[in-house]
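Next up: a single chain in structure tokens, the form predicted alone.
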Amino acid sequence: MNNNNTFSGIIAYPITPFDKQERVDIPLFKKLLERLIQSGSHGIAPLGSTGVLPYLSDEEKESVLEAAIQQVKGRVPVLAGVSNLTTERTIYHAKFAEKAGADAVMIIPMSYWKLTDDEVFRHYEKTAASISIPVMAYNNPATGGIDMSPALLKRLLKIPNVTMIKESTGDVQRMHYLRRELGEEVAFYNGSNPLALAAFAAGARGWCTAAPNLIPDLNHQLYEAVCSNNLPKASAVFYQQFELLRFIVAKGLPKAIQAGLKIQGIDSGYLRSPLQELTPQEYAELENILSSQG
């Protein structure tokens, strides 16, 4: 297992902003990304669900990833989302990410049909074999439509460069199972915002989240409290941000983050259809949550 310690701590998801004509706004993307680096993110993960990966053309994905790597300039590691419906396209994007300079790729099995465990395994095996950088296997049935069992995740780790697991089912029992079954050396990451505290307690090495776009200080305080074994502090700062974490997940990360940035006076561009901005009522609710967090 190579290089599975590249990522730890708070791994931030940037949004992909659009202009009024719904074209990707690269200069604005770079600005928003720079905010995440300046606020102390330990890693950057472009082209995740927050970055509306499935809504982008191949050319757009490439320009977003290249812009991210140019902007980051090696200051923190970059985890590139390369998921696609077909193995051929996933391999294409994984190879592009490696060549562009990404430190690792993240793959969620996306499917119109329900895939068997063997099909999912072959998908990862073929993609991982096409590159030499590490792969994070990402389990998020809510968006990908496929729930990879802990047994399948354990099997995926037999593939030499699949060294990281990102678990986003929101089931903390699975995290304890992964830690017990896979041991200390396997890096697993939390992708479920409302579980941030429980996941760290279960041994997660990092938290992949869009929250640092809005509340970086609280996110980092949580991680620092966990690292220094200060459970009362960790618990206090977690519950301070819990309402916001729940809101952004419930309303959809791209929409909620885009609105939250706007509330904070930061240009966040537009969304791409069919996504629509938060309703005035939701917007007001988010304003209240953000103002209560200072």
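The numbering used is simple: start at 1 and walk along the sequence shown. Being a predicted model, the structure only gives us computed values, none of them experimental.
The next section is about a form of this same protein that is not shown, the form predicted together with another copy of the chain.
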Hey, of 31-39, 44-52, 258-266, 62-70, which bit sits against another copy of the chain in the predicted complex at 4.5 Å between non-hydrogen atoms? 44-52
Looking at 159, 182, 100, 198, which has any heavy atom no more than 4.5 Å from another copy of the chain in the predicted complex? 198
Each of 6, 78 and 135 near another copy of the chain in the predicted complex, meaning some heavy atom within 4.5 Å? no
According to a 4.5 angstroms non-hydrogen atom cut-off, is residue 85 in contact with another copy of the chain in the predicted complex? yes
Given that another copy of the chain is not shown alongside this chain, does residue 253 nevertheless sit within 4.5 Å of it in the predicted complex, heavy atom to heavy atom? yes
Another copy of the chain contact in the predicted complex: residue 143, any heavy atom under 4.5 Å: yes
Answer for residue 108 alone: is it within 4.5 Å of another copy of the chain in the predicted complex, judged on heavy atom distances? yes
Which residues, if any, of 250-283 lie within 4.5 Å of another copy of the chain in the predicted complex when only heavy atoms count? 252, 253, 254, 255, 272, 273, 274, 275, 276
